[in-house]
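To begin, one chain is listed below as structure tokens, in the form predicted on its own.
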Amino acid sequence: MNDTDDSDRELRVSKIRNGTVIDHLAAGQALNVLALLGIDGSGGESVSVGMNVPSDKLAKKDIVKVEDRELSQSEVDVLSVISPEATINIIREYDVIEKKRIERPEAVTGVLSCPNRNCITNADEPVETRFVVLSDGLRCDYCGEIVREDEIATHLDVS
């Protein structure tokens, strides 16, 4: 019975030749990660997504595999706020050449919009958004508006 379960997992998440595997995402975050990466299918990227996949560590997890792309540090920073347990694996020629746990940064810049319409970042000023990372969300560095963890996906501002 266990052998069948293991082979089922392998079929759900096949290897990629080159790219990035984002593993140990909190269940339900895979689509937010795709939004963060600006992947909507129109760019022709090869992407594999596993949602609510059984996990020994998290009970259920999501996995995103993006071929021929490595994440920028700002993308990893926001990812750490969405899913702090995630790991990043860089794949080249089917082998993992780098595996790292993401760490929560002190701040994220330029990847979220501020929900406060009166914030200077929403005016026609050349000001990039900046949020201080809190234990349960983010605080706008300009106006103090708080964005809770469950609201982050709606304020992603990446392209």
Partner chain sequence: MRQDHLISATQLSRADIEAVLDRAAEIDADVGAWQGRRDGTVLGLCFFEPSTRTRMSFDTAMKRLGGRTIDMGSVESSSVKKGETLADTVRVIEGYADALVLRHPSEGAAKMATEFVDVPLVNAGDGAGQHPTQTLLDLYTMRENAGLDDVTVGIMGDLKYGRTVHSLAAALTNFDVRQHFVSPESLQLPRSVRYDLHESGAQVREHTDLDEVLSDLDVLYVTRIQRERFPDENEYRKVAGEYQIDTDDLDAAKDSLTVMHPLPRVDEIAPEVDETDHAKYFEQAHNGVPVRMALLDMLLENAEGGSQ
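Residue numbers count along the first chain shown, from 1. Worth saying up front: this structure is predicted, and the values here are computed from it rather than measured.
What follows is about the form predicted together with the partner chain, which we do not show.
Enquirer: Hey, in the model of the complex, is Ile39 touching the partner chain, heavy atoms inside 4.5 Å?
Expert: Looking in the model of the complex, residue contacts with the partner chain do not include Ile39, since no heavy atom lies within 4.5 Å.
Enquirer: Is Arg130 close to the partner chain in the model of the complex, meaning a heavy atom pair under 4.5 Å apart or at it?
Expert: Although the partner chain is absent here, Arg130 would touch it in the model of the complex, with heavy atoms inside 4.5 Å.
Enquirer: With the partner left out of view, is Val53 within 4.5 angstroms of the partner chain in the model of the complex by any non-hydrogen atom?
Expert: Looking in the model of the complex, residue contacts with the partner chain do not include Val53, since no heavy atom lies within 4.5 Å.
Enquirer: At the 4.5 Å heavy atom threshold, is Ile16 in contact with the partner chain in the model of the complex?
Expert: Contact check for Ile16: no, nothing within 4.5 Å of the partner chain in the model of the complex.
Enquirer: Using a 4.5 Å heavy atom cut-off, which stretch among 121-129, 62-70, 43-51, 92-100 contacts the partner chain in the model of the complex?
Expert: One stretch meets the cut-off, namely 121-129.
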